[in-house]
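Have a look below at one chain only, the form predicted alone, in structure tokens format.
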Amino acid sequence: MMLSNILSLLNTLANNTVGLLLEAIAYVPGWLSVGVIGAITGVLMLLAFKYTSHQSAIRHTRNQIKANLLGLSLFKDDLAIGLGMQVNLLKLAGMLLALSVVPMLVMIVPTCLLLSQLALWYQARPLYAGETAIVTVQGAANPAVIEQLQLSDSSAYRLAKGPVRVPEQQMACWEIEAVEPGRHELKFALGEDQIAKELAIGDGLMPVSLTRPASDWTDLLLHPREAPFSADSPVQSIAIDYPERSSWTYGTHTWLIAWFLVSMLAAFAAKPLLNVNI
């Protein structure tokens, strides 16, 4: 529970800072935004590595590795010296890995938060007007909740089929048709209470929240945009089956690879300019 609360606070902070900065993605081509963000991320990660690592120790270890590699080529006919130098190389490689632990621990949280924010833009695309999607509501362990839950009317969408209720699994599904482009709220009535889930309709780039999550840290990491349901809420999650985004550079299955490659290339290009030992 403590981890979930911390992650919820971090998501709110990321939505109000990184999320707002990423709104510029909507105005440029997807390939360009992935490239620019990847390059900036690579340089920032390089700077973070420089100032959180023991640079002189890394430089000394790398020099020792070079010396042992040179020794291997000079004494390649001497089995005893060759084996000794190979053992040294293994020790030095382990030492280099150990020297990278602190900067990696420093970078892992902001990197995960950034990737969660980027996934909102590239992991799926919004619904086109006229397109249908399945909405799935997962309730708590109370079958009466699923029986009482009603999808509210809206000008942004219309009911296409459903609901299909499965009280034994605390689940209900609706098929909706997108009508009005924009960011809307999908609303459900439960007695006198209203329960909402963000709905994205349009043909451009916009953040898409696949799921309003439960108060679980893994769900919060994957779905950072909307406030989670509390542990005692009658509804535990609402998911929309958005279509996959098709693109070689910013598609559902490729954006993370493109971001990683660009960030690594940018980091290696900037390494001599910033005088960083990795």
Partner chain sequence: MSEPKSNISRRTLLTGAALAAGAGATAGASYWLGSVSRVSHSFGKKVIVIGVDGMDPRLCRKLMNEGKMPNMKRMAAAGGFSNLGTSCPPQSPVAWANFINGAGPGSHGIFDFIHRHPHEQCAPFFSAAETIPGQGAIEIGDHQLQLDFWPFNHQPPQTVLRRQGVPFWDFLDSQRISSVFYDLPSNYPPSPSEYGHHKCVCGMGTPDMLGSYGTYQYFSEDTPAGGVEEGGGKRSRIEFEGRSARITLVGPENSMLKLPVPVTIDVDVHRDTESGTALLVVQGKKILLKPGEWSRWTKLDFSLSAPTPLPSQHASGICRFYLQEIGPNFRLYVTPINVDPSKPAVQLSEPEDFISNVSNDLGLFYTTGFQEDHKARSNGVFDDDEFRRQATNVLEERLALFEYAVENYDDGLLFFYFSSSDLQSHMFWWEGEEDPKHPTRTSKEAASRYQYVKELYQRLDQIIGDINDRYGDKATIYVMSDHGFANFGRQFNVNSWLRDLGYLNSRECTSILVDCDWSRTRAYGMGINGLYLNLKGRERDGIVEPGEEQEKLTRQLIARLKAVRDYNGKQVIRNVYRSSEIYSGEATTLAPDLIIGYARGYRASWETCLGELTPDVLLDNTSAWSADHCADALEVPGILCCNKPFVATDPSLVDIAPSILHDFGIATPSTMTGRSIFQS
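Residue numbers count along the first chain shown, from 1. Predicted model only: the values in this text are computed from it and were never measured.
One more form of this protein exists, namely the form predicted together with the partner chain; it is left out here, but the text below deals with it.
For the partner chain in the predicted complex, the listed stretch (70-78, 192-200, 167-175, 87-95) containing residues with heavy atoms inside 4.5 Å is 167-175.
Proximity to the partner chain in the predicted complex, defined as a heavy atom within 4.5 Å, singles out one entry of T111, T132, Q148, S154, which is T132. Contact with the partner chain in the predicted complex, judged by any heavy atom within 4.5 Å, is made by just one of P103, G162, P181, G82: G162.
Though the partner is left out of this view, D216 does not reach within 4.5 Å of the partner chain in the predicted complex, counting heavy atoms only. Not displayed here, the partner chain is kept clear of E226 by more than 4.5 Å at the level of heavy atoms in the predicted complex. Of the residues in 229-249, only D241 comes within 4.5 Å of the partner chain in the predicted complex through at least one heavy atom.
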